[in-house]
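Just the one chain here, laid out as structure tokens, in the form predicted alone.
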């Protein structure tokens, strides 16, 4: 029963959501609405459980003074101060605003700045001319980048037009193909979970 009950609940919930998406029946819509409310409550508990687990792990690391324990102390202090100031005095109080504007925002900006270097490195590896396909990719990327830059129009007035043409024709076609493939994969995965074929949510049992 430990395996059958979750499979039956998943099957019933999945079929109800499918019916409610395609056929609007008040009774089924009400049941689906209750499921969605439960999902919000469970998500809130999962968030709290994750925060408690994170706190426990880093507290143990700080007590044992494991490698990088000072980072755990910094995380615990920031976590407690942000939680108390945000929950106790709302997100408009001065302590929360100061930490958000002077710590969180600069760290967030630094992370995205580092991502720019990784993107530049990945672009260099992808755009190296070794095959005809890589050559097409390189030429297209150069036209798009130069066409979207203000200096592109100064170099040649045709760059913005060709850049827009590549983005609206080839890029849109590629994006639609990716979206269709991802949607088909999501549908197949959902059906496998609903009918109990994919049981990965049992944790590999």
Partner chain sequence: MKWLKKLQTIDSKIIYLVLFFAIALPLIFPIGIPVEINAGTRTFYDTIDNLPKGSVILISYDWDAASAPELLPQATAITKHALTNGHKIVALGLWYAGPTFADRVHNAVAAEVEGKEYGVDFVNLGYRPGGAVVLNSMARDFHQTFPEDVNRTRLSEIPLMKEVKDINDIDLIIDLSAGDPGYRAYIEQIGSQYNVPILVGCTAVSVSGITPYLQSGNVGALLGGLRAAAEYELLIDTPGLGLGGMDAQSVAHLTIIAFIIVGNIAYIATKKKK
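Residue numbers count along the first chain shown, from 1. Just so we're clear, the structure is a prediction, and the values are computed from it rather than from any experiment.
There is also a form predicted in complex with the partner chain; it is not shown, and the following applies to it.
In the predicted complex, at least one heavy atom of residue 123 sits within 4.5 Å of the partner chain. The shortest heavy atom separation between residue 150 and the partner chain in the predicted complex is within 4.5 Å. In the predicted complex, none of the heavy atoms of residue 64 sits within 4.5 Å of a heavy atom of the partner chain. The closest non-hydrogen atom of residue 146 lies within 4.5 Å of the partner chain in the predicted complex. Residues 39, 40, 43, 44, 47 are the members of 38-64 with a non-hydrogen atom no more than 4.5 angstroms from the partner chain in the predicted complex.
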